[in-house]
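For reference, the chain that follows is the form predicted alone, supplied as structure tokens.
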């Protein structure tokens, strides 16, 4: 029995955007990416089997690579990962039903890219600094040091809670400081939930093309002042996942 196919939708772009021949979609083997157009819009799609399982790391990588590469050359509205429709008619119906809203959103992100700053505390540096500043926590650490875990369980739990709270408070402060330091080079910012218990900063910024160099330099300066305490990464340029997406506009 022949496999039924559908169309995986990656994002919405202006109608004059044309996928490159090298563009690869999700699936194994990767699907060919094409553009389906309606009015001033186009949807980037590729064919997938309706029974084909999606969600492998390679699929997510292909999805992000296509959108991020597109964002560098044209505005794009990401469509939620895993969105599959039955055929071209369904894609055209989506574009027709939300044409003006999609077009306006594309105008908003024209020549704007997302960058995400993600930093994680060096555990030993953070704990050492915290104990040096907090006499109660230092006393607890001295109390449990060298004692069997079963005999000092209550104190260890309490110390862990104190460190966890200190990380949370410092994270909030570092996010604020980051936004204060580099936010003037961005048109929008979005603080993101931590992805790890030792996350120090995790903020996305929407940056105008003309301000990219200044923004990157400001992030580098921010990171340099904290290099012993925080391991910082600048991720981007990216599609504007944290600021606008097609599914937000139709819900």
Partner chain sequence: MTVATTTGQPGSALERTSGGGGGTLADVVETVLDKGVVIDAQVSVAVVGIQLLEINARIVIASVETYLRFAEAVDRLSIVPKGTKGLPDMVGDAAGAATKGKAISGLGKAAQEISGAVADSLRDGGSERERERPRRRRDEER
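Numbering follows the first chain given and starts at 1. If you're wondering where the values come from, they're calculated on a predicted model, not measured in any experiment.
A second form of this protein, the form predicted together with the partner chain, is not displayed here; the remarks below concern that form.
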item: Residue 88: touches the partner chain in the model of the complex, heavy atom cutoff 4.5 angstroms; value: no
item: Contact test in the model of the complex: residue 132 vs the partner chain, heavy atoms, 4.5 Å; value: yes
item: Close approach of residue 175 to the partner chain in the model of the complex, 4.5 Å, heavy atom; value: no
item: Touches the partner chain in the model of the complex: residue 104 (any heavy atom, 4.5 Å); value: no
item: Interface residues of 37-51 toward the partner chain, as seen in the model of the complex [heavy atoms, 4.5 Å]; value: 37, 50
